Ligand SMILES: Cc1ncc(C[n+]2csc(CCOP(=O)(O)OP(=O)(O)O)c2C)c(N)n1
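One chain comes next, on its own, written as structure tokens: the form predicted on its own.
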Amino acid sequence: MTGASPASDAAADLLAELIAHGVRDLVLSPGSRSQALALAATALARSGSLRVHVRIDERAAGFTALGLARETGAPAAVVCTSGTAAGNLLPAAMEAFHSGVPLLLLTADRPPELRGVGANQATMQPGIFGPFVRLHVDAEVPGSAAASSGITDEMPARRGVAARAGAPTDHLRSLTAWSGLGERAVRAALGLEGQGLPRVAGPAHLNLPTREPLSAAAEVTATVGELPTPEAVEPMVLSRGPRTVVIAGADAGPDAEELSHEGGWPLIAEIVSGARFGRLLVHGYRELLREAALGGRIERAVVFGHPTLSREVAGLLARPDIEVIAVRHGGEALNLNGRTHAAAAVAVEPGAADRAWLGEWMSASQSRMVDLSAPAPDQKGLYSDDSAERLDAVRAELDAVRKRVDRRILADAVWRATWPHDRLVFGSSRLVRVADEVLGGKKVPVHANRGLAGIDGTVATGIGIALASQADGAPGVTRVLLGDLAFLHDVGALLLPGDEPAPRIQVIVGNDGGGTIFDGLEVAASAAQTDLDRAFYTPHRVQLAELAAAYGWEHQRVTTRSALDQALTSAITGPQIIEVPLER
């Protein structure tokens, strides 16, 4: 190494090690203290070893990385400077922890001697993410005596170490203060080591202090490698005896449907589960869980993902008389009844399914299917010789075309427009609960930040998902369905760099002028209307069309089902906002 900037040497080493262990995406927010990491990242992007996405807002950067990691399953890195920049990553870190999403938090920092003495842009960053990371390392300062003393020939041979122009090739001289941290961080983020539940992904934090010179010109390269492979685990084998249902919460994925099929058990799948499909899917599950003849007779529930959308499922999983088996997901173990069994994987013992139990659920489910399709045209009336009958048929057709969109129609239209090569992202708005109540089965990739079910970061997460799913020319559109407050809360995510590929994304905003989700919560019964409006509904008059124009997004405002269907299915080449006015 040249030694012109130990910070640059260490940054190049670290990023190359991440790439060697399967990292492909890095989100970068500009900052002085992080300049060595930024310059190494952009150099690696030019060589094609790394995809770099620049965001000026660290909170948006964190959720963009979260979206990238959600879609790929590989840890995405996010780089920021010191001070409040690191704090802005906390919401994404918390969501990643609770959702089990691998995330690498690379926070630049001042050296230790500048902490706690009033130095500019210096705070106590070590441990800032508290219990929400599987690994935290406050790294040595590159070039320091302590860092140099830690570099010995006893350190393991390095894979994918960055090669700087003119640098020696022997392992000893290529090691830096940050050698080995990349592999540790990737393995921790994937749940292969570190603190927390075993085999559950989550964030890992590397706090990276540097001294001047903060960077030096250099060429860096890396060898692209693969993610570490987890060891196979023996599944928990489930007996066929108890009357069982399979619960698929957020991020459950197709494994839930597969177990339901193998066991012959009813599948209760939330709309955000990615498992709402298959012959054994239960429609109208909330009502059926309340029925003593069905929900009251459940003896066992097998849970995938994180159920959050209904009180009925939460109530079932809290019952002490129910055997609950939860397939591990997210940083906290599911244990609402105090006796839930955790499993890394599950399988079904051989034998015949309980067809009587399954038949009762399927019969009840069929009668609760919701069909929101527009009625078929009255062909007889339209071609009738009776002018009055013909006029009535024409009026009926015009009424259908002009029918204003409500929440049910909006959710249905977005669901129908989305196919397996697309992606659908739900915000934590009133609309996701409506969608969960009325939509049928369809095998499409679905995402939602339901780890903590916050409204923050929804647009940025969707953009990250779009970028990842459309990488290397892959087809498809990412659709984000959310309410107006969730949209406005993350409006800064609309700022996209002009020199980066624009994702094909439709942000569909159900605009009811405020937070109408509170109209259906307990506070609506206890608060005066004026207080409810001011403190919870929070009405606004934001002109979304002008907002879209300011950020360079295409905007459409639609009010009818026909116009909505056309907007959703028309060719798209870049980012769009589709605004749908809704009644409160």
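Sequential numbering from 1, following the sequence displayed. Just so it is clear, the structure is predicted and the values come from calculations on it, not from any experiment.
Although it is not shown, the form predicted in complex with the ligand is what the next lines describe.
Although the partner is absent from this view, Q35 stays clear of the ligand in the predicted complex, with no non-hydrogen atom inside 4.5 angstroms. When contacts are judged by a 4.5 Å heavy atom cut-off, G483 counts as touching the ligand in the predicted complex.
The ligand in the predicted complex comes within 4.5 Å of a heavy atom belonging to D456. At a distance threshold of 4.5 angstroms between non-hydrogen atoms, A43 is out of contact with the ligand in the predicted complex. Only one of 303-311, 230-238, 124-132, 427-435 lies within 4.5 Å of the ligand in the predicted complex by heavy atoms, and it is 427-435. D512 is the sole member of D512, D412, E183, E71 with a non-hydrogen atom within 4.5 Å of the ligand in the predicted complex.
Of the listed positions (H489, K403, K442, R408), a single one reaches within 4.5 angstroms of the ligand by any non-hydrogen atom in the predicted complex, namely H489. Applying a 4.5 Å heavy atom cutoff to the ligand in the predicted complex picks out no residue from 34-64.
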